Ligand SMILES: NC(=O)c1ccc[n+]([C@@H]2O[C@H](COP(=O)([O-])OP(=O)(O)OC[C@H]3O[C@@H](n4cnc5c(N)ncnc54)[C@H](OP(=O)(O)O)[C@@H]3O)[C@@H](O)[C@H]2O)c1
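Next up: a single chain in structure tokens, the form predicted on its own.
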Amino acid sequence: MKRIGIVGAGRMAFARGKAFLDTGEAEIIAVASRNIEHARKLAQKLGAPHAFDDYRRIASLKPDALLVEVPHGVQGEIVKWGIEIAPGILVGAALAVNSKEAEEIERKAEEEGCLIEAGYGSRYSALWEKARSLITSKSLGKPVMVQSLALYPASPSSWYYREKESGGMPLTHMTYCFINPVRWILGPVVEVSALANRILHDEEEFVKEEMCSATLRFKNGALYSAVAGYISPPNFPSLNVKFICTKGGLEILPSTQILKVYRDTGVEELDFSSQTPPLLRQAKTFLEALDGKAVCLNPPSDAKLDVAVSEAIVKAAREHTVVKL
């Protein structure tokens, strides 16, 4: 039974903490948050005996691993501290707020022998696994173009909307929806261009790229047009991904866990809604990886590329240029 300490007490800290419990192979030993009442409430929900307002107090409990679910602006210092006190860390999503910090985390983790996994869940989704299998097997021909829409109605009162705390919308939102899984399927990104605006909430401290349209070119020649942002009209379709290939295509509908496969023989609709939830699969893989029995899908060597792509999107949008990677 692995003993997990959690830093952070928000919605995703609960979701990932519960996923660890649902594996039947872990227990939550402590929750830390700057707001002690939030820490106590989450600790109670997850059956943790300890709640702290200083995350450093978790070290005295000698955890087997840490879950870090905090705003990206303060995440780095916590992860680098955690590398010294725990054998493994599951980081909420993006590995770091910038490439320099990502490289530092990768290097420090290697030196200390600490397992680091970024929290991108799509790679643990049966739906995305099937999509990857279909594309990489070339059963639909060669991939030519990907198009995605990812709209999230983030609250301006949340840390998601504050540039300094989140690291920006391309890092916090676009890498998750859906740069990380598309990279997993198509391979290395070699070129990035982008345009962005900020119209709904344009206060100075808010994210600069409130809405963004980015185009990524991959080494295999495929293009990816990604539209994402924090404006989501009521009842408007907000999440979808389409792969266009030379002999067919795919449409991914994450909200309903539906995959549509387009071939010359017709359209096949596959329903993955009853499959094991990605967060649970990720938690189980992470725990097994701690014992050397599995390999995580978002190690620092790969997850740092999501950070680099998000930085390229920001640079391309702000400087009206094409960024080569």
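Note that residue numbering begins at 1 and tracks the sequence as displayed. Bear in mind that the values here come from a model prediction, so they are computed numbers and not experimental data.
Not on display, but discussed next: the form predicted together with the ligand.
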Within 4.5 Å of the ligand in the model of the complex by heavy atoms, the stretch out of 104-112, 70-78, 250-258, 210-218 is 70-78
Each of Arg11, Arg16 and Gly92 near the ligand in the model of the complex, meaning some heavy atom within 4.5 Å? yes
Any of the heavy atoms of Asn35 lying within 4.5 Å of the ligand in the model of the complex? yes
So in the model of the complex, does Glu165 come within 4.5 Å of the ligand, heavy atom to heavy atom? yes
Contact label in the model of the complex: Tyr161 to the ligand, heavy atom within 4.5 Å: no
Would Tyr176 show up as a contact with the ligand in the model of the complex if we use heavy atoms at 4.5 Å? yes
